[in-house]
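Quick setup: one chain, the form predicted on its own, written in C-alpha cells, and binding and motion questions come after.
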C-alpha cells in the first residue's frame, strides 16, 4: 500500500479535458493583430554553388512586405553543438540538400507569400552529389564542408579493458551487421511559429518546440540580440519525439521577418517541409563482433558504426557518442572497443529521435546475443540474466548505475504466459509462422551536461501561494510535449502540500517563467521533478514556520496533511489564531468553529506574516563523467532499463508480419503517475514497431524525398497495433524525486530486437536491413528454400 495520496496513482492528466474537447491551443490556432504570413524558398537541388539570388520580382508583388536572404541574415554560423557550428540562417555560397533554405518572404496571406518565393530567381552551378552514406568517406568523394575532411563531422574511438584477452577467453565469436534507413518523427502537429517585436524591441516567439531555452539561446546568438530581449513560449504541442529539440531555420526566418517588418509573422510547415526539416533518426550502419565464454558470460564487444546524418552536424556529435556509450550496459561487459563515424551527405539533416543514437546499435547487439545463445544451446533470457548488471555497479565506460531493476524486468517478461509457453513447447512443432523473441534496453535518465559548456542549473521551479485563495501556482520552463510533465509537476506539488490536485495550477514552457533545458534525453521527471519537489517543500517550510511562530511551537512539530495543518505531537487548537488573523484582518465572519486550520487559512496567515509566499527549487546534476575523452556524453544521474517479449505471426508465402502482442517491463524507479508510465511504455512499443517493420524515408538518385507525406511514409495505425502489456518495475532511484527516473525513451530500446528475434523464431531467417518489410522476408525465405534444394 502506497504512503502517498497523489503520487503513485492514476491521477487524470491536468490537460486531458482541454485536449479531449478541442480547447487546447496549439501554435497554429493562434493569431496576432495585423499578422503577416511567411514562406521559405527551399533549394530544388541537393548540391550546388549559388551564383546569384534575384529577389527583385518578389519585392514588387502587391502584398509582400519583406524578402530576406543571407544578405539580411548574415553568414555567421550557428548550430546545435558549439563544437560544430556549420549552418547559416540562409545559404549564401552553396546548398547542400533539396530543401536547404535560401530566402524567406512575409506577405499579407500565405498564397501571396508562396507566389513571392516562387518568383525568386536563383542561378545555380550544380555539384556532384554524396548520397550514399557508406561511401561518403571514400577517397575522391566531393566535400560538403571544407572543415570536414572526408565528410566526417564527428568520430569517436574508445577502447576499454583488453579486447584481445576477451577474444582468447571466448568459445563463441560472431560478427554481424545491421543497417537502417533515415526515419521521420511523424508527429501529428507540424512545426508552427509566430513571432512579434514590441515597441521596446523585445522579441517574442511562440513555437511548437520541445526546448524553449535552447531555441531562445540560438535565436539570441544568430539574430545578434541580447538574450533578455528574446522570449520563447511553447503552447500545446502535438508531439515532438526529438526532432523539435533544436532551433530551426523557420524559427529564425520568421523572427527575422518580424524584426524587419515590425509586424507579427506566422508560418506553419506543410507535411513535406516537416520531412525536409526532419532532424529525426539517422541512417545507421553497424558491425559488431562479440564473444561469449563457455558459461555464457560476455567476454568482449567490438563495435564499428557509421552514421549518415544528412547535410549538417545538428545533434550528430551526441548521436555518434550515444551509439557507443549506451552499449556499456545493461550487461557486465569489461572489454569493449568502439569506433564511430558520423558523416555528412546531400540529404536533409538528421538529429535526435526517441532513444537518441542507441536504438539500432541496441537492436544489433540484442540480435547477436540471441544468435550466440542459439549456438550455446541456452535460453536467450537465461543468457541475459547471467550477464545483467546489478545496482551499484559501474560499466566499463564508467557509467554508474545507482538503481537497476534489469533483473526484475527480465524475470517479469520471462514469467509471462507467452515465454512460459515457448519454453514448454521447446523442441515441439509449433504453428507455422508463429514466433516469439526477447530483448533488453538501457538508456539515460537525463543528460548529465547541457549542450553548451556551463555550470548552469538544468532547471528551476517557482511555486507561489495565492494570497487569499489558498491554491498554488507552479511556474516552470519545462516543455510538456504530450508526455505529461505538467501533470507530474502538479502531482508532486499537491503531494508535498497536502492539497487536492485541482488546487494546483501549472504554467510552463515559457522562458520568462524559469530556467529549464527542455524535453529531451528523458530528463524532465528526474530533474524538473526534483526542483518542483524542493520548491513545494520551500513553500511548506515558510507556511509552517509562520504558523509555528504564532503558536509558539517548534515548526518541526507541524505538518500539512489532507489540506490541514496538523500537529505531530500534542493536539493543537488553532481557533484563537484563526479568529485573530482571519476575522480581524480579512473580515471573515462565517469561519467554521473548528480546532483545525486548513491550508487555505494557513496560507492567508502566512501572507500576513511574510507577504507573498514563494518557494523555489533548482536542480543541477552532481559531477559526472569518466576519465577519458568524450566521457561526458552518455553520463546521467540515473539509468533506466527495459525487457520485452514480442510475439509475431509471419505469412510464409507473402512475408507479411503481424505483431500479435508485446509484453514489456521497464524500471522507472518509481511511478509518479501509473497511467502515464504505462502510456509512455506503450508509445515506445508502437514507435519501435513502426521503425522495425515499415518506417523509411525513400530518396531518388537526385536526393529528392519520394514519400514526404503520411500516406506513403508508413507508420502503425490503430489497425496495426497489437495487444500491449506494460509491466512497471520500481527500483527506487536515490537521485530522483521519490525514487523516480526515466520512462520516456528507454522503453523503445528492446522493441526492434525483440521483434527481429521473434521473426527469426517464426521463419528461420535473419534480416539485417531495416525496416523488415514483407518483400525482404519473402526474398530471404525464397533464398532459404533454394539453398535447401
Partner chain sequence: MKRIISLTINSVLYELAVEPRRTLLELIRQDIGLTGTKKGCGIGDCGGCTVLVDGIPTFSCLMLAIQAEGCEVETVEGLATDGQLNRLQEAFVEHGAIQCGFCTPGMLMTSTELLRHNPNPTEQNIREAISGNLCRCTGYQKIVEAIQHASEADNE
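Keep in mind it's a predicted model, so treat the numbers as computed, not measured. Numbering follows the first chain given and starts at 1.
The same protein has a further form, the form predicted in complex with the partner chain, not shown here; the description that follows concerns it.
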Since only the chain is shown here, I'm wondering whether residue 28 would be in contact with the partner chain in the model of the complex (any heavy atom pair within 4.5 Å).
yes
With the partner left out of view, is residue 560 within 4.5 angstroms of the partner chain in the model of the complex by any non-hydrogen atom?
no
Residue 711 within 4.5 Å of the partner chain in the model of the complex, heavy atoms:
yes
Any non-hydrogen atom of residue 544 within 4.5 angstroms of the partner chain in the model of the complex
no
Note: the partner chain not shown here; in the model of the complex, the stretch from 628-636, 680-688, 286-294, 439-447 having heavy atoms within 4.5 Å of it is 680-688
Indicate whether the candidate residues 111, 482 and 675 are all in contact with the partner chain in the model of the complex, with contact defined as any heavy atom within 4.5 Å.
yes
May I ask you to choose, among 50, 724, 58, 727, the residue with a heavy atom within 4.5 Å of the partner chain in the model of the complex?
724
Sort through 398, 72, 189, 538 and report the residue having a heavy atom within 4.5 Å of the partner chain in the model of the complex.
189
Go through 228-252 residue by residue and record those having a heavy atom within 4.5 Å of the partner chain in the model of the complex; state none if no residue qualifies.
237, 238, 239, 241
